[in-house]
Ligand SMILES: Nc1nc2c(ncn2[C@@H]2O[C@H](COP(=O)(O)OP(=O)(O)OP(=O)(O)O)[C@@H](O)[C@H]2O)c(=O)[nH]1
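So this first bit is one chain, no partners, the form predicted alone, shown in structure tokens.
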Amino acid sequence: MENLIDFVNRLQIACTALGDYSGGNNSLSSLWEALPSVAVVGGQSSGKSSVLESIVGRDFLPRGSGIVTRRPLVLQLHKTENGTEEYAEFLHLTNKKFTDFSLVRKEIQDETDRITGKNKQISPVPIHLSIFSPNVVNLTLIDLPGLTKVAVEGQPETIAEDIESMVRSYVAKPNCLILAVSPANQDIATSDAIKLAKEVDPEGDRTFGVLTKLDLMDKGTNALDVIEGRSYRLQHPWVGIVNRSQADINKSVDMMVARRKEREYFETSPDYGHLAAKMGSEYLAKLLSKLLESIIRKRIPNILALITKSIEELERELDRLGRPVAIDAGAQLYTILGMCRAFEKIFKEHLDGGRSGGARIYGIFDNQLPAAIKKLPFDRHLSIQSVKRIVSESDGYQPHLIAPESGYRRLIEGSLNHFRGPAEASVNAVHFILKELVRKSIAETEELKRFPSLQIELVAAANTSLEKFREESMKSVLRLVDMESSYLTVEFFRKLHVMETQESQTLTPTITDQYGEGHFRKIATNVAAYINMVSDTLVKTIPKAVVHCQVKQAKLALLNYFYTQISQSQARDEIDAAVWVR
């Protein structure tokens, strides 16, 4: 019980590592919400960063125009013995100490950009920074993005609402103390921090008012009405702060010197001298540290109860997930291959009829393909006007003598080109169904549910294979169409000629103009009959090609590429281990 703040610090670190933080999406009981904390809230240019640096006694926070703080910063202060070296540590950089605090500032910027990018976006995922120093008190502060009203270039128009929503997710918690920072040289009625604090803490029980920039007020004015609670009363007394001036920041004036100047300002001020003992960043830090420890002491039973509940929930979840995975690389490979086989078994059951899904592929061949072919625009292509034009163009300057063979070939080839569309559509439709069955099979494989990363790898490997099968299938079905164009079935036209000869012998002979409408209508009828014959053939052969190149290959070799990759990886690991032993 000697250092309760340090106890809560460790819990906050554990919560963040498990994805449990304010604004997070944690399905288990949120321990973070039960942990007492101090959130620092303020509008842009309110002096919020300077307050934090004054409390720490170090210049370490990023500065600049616009929204600088774009992720919550959980700042954990640890008081060390006098004379010890100051240093900082980040949760995301284990076992690395920073003694140069300019590098701390750079790391905060880099880590912010790593999650949010450099386009001024925001993220609720916190950065954990621990500072060990003899010049601090044991205290944890959460620095939140500054409240803003307008978006800068590169930011979404909703940035103001997004920031307020994030800040609200922290300060609305009943266990959160609100450090509302407002500049003294602005009307307190316009303070964004006070406005938000009043909404989530209308009684003011959790709100601490901090008034900055007292030294920048117009001559002859002061902020006593606010500090003494006459303008806006809070349950806790207001604390005035005098930050470093911009000139001091530019000159890199030492923070310890700045603290001394701040004390001297209040001690010698005619307006605030009588309040000097309860003003300044050092007093604020000590006040918050004592109050935070007091609140933690009261909340300990509830915190322990929630920890016990969370452990029970996690144990139930572990029981549901199954036995642990072996550490040995060979055993891990065996486990992975076993899960892959379980997935393949379910996938094949979908195709073969043991589970739903395979019938959709049959539906493509039995319904969609014939329907698509029936909709092909042969009526336009074989209209009297089209036939007459194509035959005439094929004859050139010399008319055909008996049958327009060149015209027939051009009409047939033009008609056959229309079959490419339904053929391609069949390949793509089957490819889509196979991808859907992969995702469905992975979701139904119990062994994979505890390994989301492996699921992603399997989907990627399966899709890579399916894409190759699609390419091969596409080549095959288009080759079938091209083969019909490459060599026409002569026997069809020979039989057609015999039938026409027999008809002419049994019927009264008539003279037909080879350039009359009846002649071209007869050509269109003959070509249509041939195309119908080819259509019947393709309706039977396209499914054969698709099944052979896509469905059958998916059953036989869906994860071959994945097996090869992990086997090669295992071999490389064994070689590396052997080299290391030598």
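The numbering used is simple: start at 1 and walk along the sequence shown. Only a predicted model underlies this, so the values are computations on that prediction, with no experimental measurement involved.
A second form of this protein, the form predicted together with this ligand, is not displayed here; the remarks below concern that form.
Enquirer: Heavy atoms within 4.5 Å of this ligand in the predicted complex: does T212 have any?
Expert: Yes, T212 is a contact residue.
Enquirer: Applying a 4.5 Å heavy atom distance criterion, does R63 contact this ligand in the predicted complex?
Expert: Output for R63 is yes: heavy atoms within 4.5 Å of this ligand.
Enquirer: Do S45 and this ligand come within 4.5 Å of each other in the predicted complex, heavy atoms counted?
Expert: Looking in the predicted complex, residue contacts with this ligand include S45, since a heavy atom lies within 4.5 Å.
Enquirer: Using 4.5 Å between non-hydrogen atoms, is Q550 touching this ligand in the predicted complex?
Expert: Because no heavy atom of Q550 falls inside 4.5 Å of this ligand in the predicted complex, the answer is no.
Enquirer: Among 91-99, 214-222, 126-134, 440-448, which stretch has residues with heavy atoms no more than 4.5 Å from this ligand in the predicted complex?
Expert: It is the stretch 214-222.
Enquirer: Consider the chain as shown here, without its partner, and state which of L480, L351, I249, L275 has a heavy atom within 4.5 Å of this ligand in the predicted complex.
Expert: Spelling it out, the residue with a heavy atom inside the cut-off is I249.
Enquirer: Looking at L466, I241, V104, M255, which has any heavy atom no more than 4.5 Å from this ligand in the predicted complex?
Expert: Among L466, I241, V104, M255, a heavy atom within 4.5 Å of this ligand in the predicted complex occurs only for I241.
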